[in-house]
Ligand code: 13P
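Here you get one chain, nothing else, as structure tokens; it is the form predicted on its own.
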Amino acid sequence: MELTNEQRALIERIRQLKVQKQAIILCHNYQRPEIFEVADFIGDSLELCRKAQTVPSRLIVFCGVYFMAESAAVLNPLSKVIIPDPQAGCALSDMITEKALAERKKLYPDCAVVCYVNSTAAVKALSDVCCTSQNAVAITRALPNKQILFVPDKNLANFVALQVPEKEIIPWEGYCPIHERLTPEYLLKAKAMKPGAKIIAHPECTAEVRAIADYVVSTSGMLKIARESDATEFICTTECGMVQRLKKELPHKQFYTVCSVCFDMKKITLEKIIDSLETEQTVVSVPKETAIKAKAALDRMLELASK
């Protein structure tokens, strides 16, 4: 994308503040493209979790939604983690609560709870292990339990169930509205307009949409597929900001999106990043007991994912 003079000035100010504040900026793939210009690291949920454990900075500015900033705070307790807009939430994570999960666990005492990272720290704290869309299948397969309570995304749970048929997957009924509203009919229309394009779907899409896709992968997987494939055109079924990331990384290829904008992901702006660096607000804080338990679930994910 072509930056405006105003954006360039804001970007330069952020770079100055990062040095002054000994700060590092972690940025999710779905953020505004101009924010990529100030990010020290861009990635999906798993990549950001790993990076949060290794960054040496005093101050971490998390450009994503709140549950992601919570994970960074849990995994890096020696750093101050701030989020430029604390109202950047997630409809999927709002579909499960700590109380509701505690009640459901009573019904399935022998289950292992696999918790998608798109959830609050309080929900992670009640789970046996976390997962991302990238490693959900491997994490579930690695567990000794035959019965898995998979929360909170039903579409990802269905995707995992198809890949790990030897286990009983009990899904929560949550979903991401951005991916849920995409229909096979809409995707087939896009394919008709770009018949040579390969379709890359996110696992949060419905089973009907995934069945049409050439690939079903996480956002980091989309980048890997697009980079390694001989194809030059791709239709991506995930939040539209990912297309901007793909275009930035692979400008010699063409990318099209059929998904919607996640307005929560777009709440963070260059101006808000400047304000957050200047004031060192809003600090993301997780109660100590919750943080310890949530970290155990995240650590187990990172351990199993590395095998």
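Position 1 is the first residue in the sequence shown; the rest follow in order. The structure presented is a predicted model; accordingly, all values stated were derived computationally and were not measured.
This protein has a second form, the form predicted in complex with the ligand, left out of what is shown; the following refers to that one.
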(request) Decide whether Ser45 counts as a contact residue for the ligand in the predicted complex under a heavy atom distance cut-off of 4.5 Å. (result) yes
(request) Give a yes or no for Phe36: in the predicted complex, does one of its heavy atoms lie within 4.5 Å of a heavy atom belonging to the ligand? (result) no
(request) Evaluate His28 for contact with the ligand in the predicted complex, applying a 4.5 angstroms cut-off between non-hydrogen atoms, and reply yes or no. (result) yes
(message) So in the predicted complex, is the ligand close enough to Phe150 to count as touching (4.5 Å, heavy atoms)?
(response) no
(request) Choose from 229-237, 215-223, 103-111, 72-80 the stretch whose residues reach within 4.5 Å of the ligand in the predicted complex, heavy atoms counted. (result) 215-223
(request) Check each residue of 111-128 against the ligand in the predicted complex and list those with a heavy atom within 4.5 Å, in sequence order. (result) Tyr116, Asn118
